[in-house]
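Heads up, what comes next is one protein chain in two forms, each shown on its own as structure tokens, labelled structure 1 and structure 2.
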Structure 1
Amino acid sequence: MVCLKQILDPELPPRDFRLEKGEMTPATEGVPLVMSSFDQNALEVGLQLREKIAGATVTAVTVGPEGAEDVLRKALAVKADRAVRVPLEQDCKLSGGIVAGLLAGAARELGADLVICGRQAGDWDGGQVGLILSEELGWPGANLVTGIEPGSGGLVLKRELEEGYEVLEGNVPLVAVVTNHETNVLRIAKVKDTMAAMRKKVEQINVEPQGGRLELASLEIPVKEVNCEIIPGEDGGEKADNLIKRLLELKVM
């Protein structure tokens, strides 16, 4: 089971980022919705693992309103076997525990033995769902995983360290929380598979939301005031000279 979230495009430049009037939520009008980037990495990890285990399947699961099924179609387009939506109308914002509870319900119902999540969604940047999920399910959890392979005694997980990486062996059931790496950039769907995905079925699993909400007291767009001084010069050489001059004047060089 791979968990996918639909979010506002995180690459939207700050100048186009606005808040909904009087509400503690961003304006969505005209902003593209995408699959959160670490979830893309998680999906790729799942697809690569499936290729190495006979009979394994990948089920893409999202929690959200009907529109969120777009991310499931994207997953079907890169050949996820099944797609499931757990309906939830309101955005949980930073209260990732609610989402984790819903995903845990889906994992139980699906009989999943490996759940793969992205490390944090690129909207609220909560960074918690996968970790809470391992608590909910009572399964071991590994954070900052970049790849999973079948091993002689279970699964072999590669995960990032502060400087370097480590390789761990673990048995299912477990939860793997994925971070980005050159080896897990999501593959690109073929046009014909994207078309086919439009016609595929999206299943629905209903789970009762539970858990408390954090109290969001305010949401504000920070004011940044940096006056960038453009270094003059006719060519690269002059610009380099002038840059060094300024760095010396600012006493940082």
Structure 2
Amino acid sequence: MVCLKQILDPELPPRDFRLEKGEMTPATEGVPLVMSSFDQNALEVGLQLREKIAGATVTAVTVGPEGAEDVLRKALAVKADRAVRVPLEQDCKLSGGIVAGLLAGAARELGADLVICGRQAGDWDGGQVGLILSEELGWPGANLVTGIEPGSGGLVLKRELEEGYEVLEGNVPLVAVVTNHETNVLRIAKVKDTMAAMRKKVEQINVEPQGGRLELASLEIPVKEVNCEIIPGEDGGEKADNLIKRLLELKVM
């Protein structure tokens, strides 16, 4: 099972970022939405592992409204075997803990034995879901994984460290939290597979949200005051003199 999240396009200009009226969530209408980048790495790790284990399957799972199915169709376009959405209640206030609980419920329902997550979502950069999910399931978890290979009787996980790499061996069930690496850049879907993905079924699993340990207390866009002042002067020298006087008045030099 690979966990995916739909986020605002990180390339969205700051001037276009706004909040839903009366809500503590970003507005998504009329702005581009994409799959979180670390989740793309996680999906590629899952697809590569499936190609090396006979009979293995990849199920892409996301938590969110119906519109979030777009990321699932992208997963289907690169040949994920199944796509499952966990719908949200209208008044559900999401946090890393709540999302982890919902994904844990989906993993149990699907009978998953390996859950792969991105290191952090590209919108909040919380970096909480993967390891909280590991705790929720009671499974061992490995962070900063760049690749997973089948090993003798289990799995071999390669972890990125500051000074190099660490190789871990383990057995399922486990949770792998993936970081980006040149070996796990998500493959590009073929046009015919993208079109076929639009016709494939996206399943739903209903999971009761549980209270998270951390709650978002407030969210606001900072207001930045910008003042513009034109320095008068007949020529460059006079303007420079007036600029120095003004800066001294403002006590910034």
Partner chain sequence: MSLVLTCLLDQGNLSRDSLEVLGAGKSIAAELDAVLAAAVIGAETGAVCAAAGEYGASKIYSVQDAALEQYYCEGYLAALEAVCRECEPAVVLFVTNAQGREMAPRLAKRLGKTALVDCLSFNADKETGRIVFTKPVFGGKAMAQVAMSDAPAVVAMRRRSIEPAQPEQVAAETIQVKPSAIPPNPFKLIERVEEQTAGVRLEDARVVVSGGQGLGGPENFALLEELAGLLGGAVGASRVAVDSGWVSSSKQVGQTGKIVAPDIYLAVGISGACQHLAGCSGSKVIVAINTDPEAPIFGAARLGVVGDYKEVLPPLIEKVKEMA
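So that the term is clear: the rigid core is the largest set of C-alpha atoms that superpose within 1.5 Å between two forms. Counting starts at 1 and follows the sequence of structure 1. Remember, it's a predicted structure, so these values are computed and weren't measured experimentally.
Undergrad: Quick one, which of these two is the form predicted alone?
TA: Pick structure 2 here.
Undergrad: Once both forms sit on the same rigid core, is the C-alpha displacement of residue 30 at or above 2 Å between structure 1 and structure 2?
TA: It does shift by 2 Å or more.
Undergrad: Would you say whether residue 223 is displaced between structure 1 and structure 2, judging by a C-alpha shift of 2 Å or more on the superposed rigid core?
TA: Yes, because once the rigid core is superposed, the C-alpha of residue 223 moves 2 Å or more between structure 1 and structure 2.
Undergrad: Comparing between structure 1 and structure 2 on the rigid core, is the C-alpha shift at residue 241 2 Å or larger?
TA: Comparing the forms between structure 1 and structure 2, which are aligned on their rigid core, residue 241 does shift its C-alpha by 2 Å or more.
Undergrad: May I ask for the C-alpha shift of residue 13 between structure 1 and structure 2, in Å, based on superposition of the rigid core?
TA: Here the C-alpha difference is 3.8 Å.
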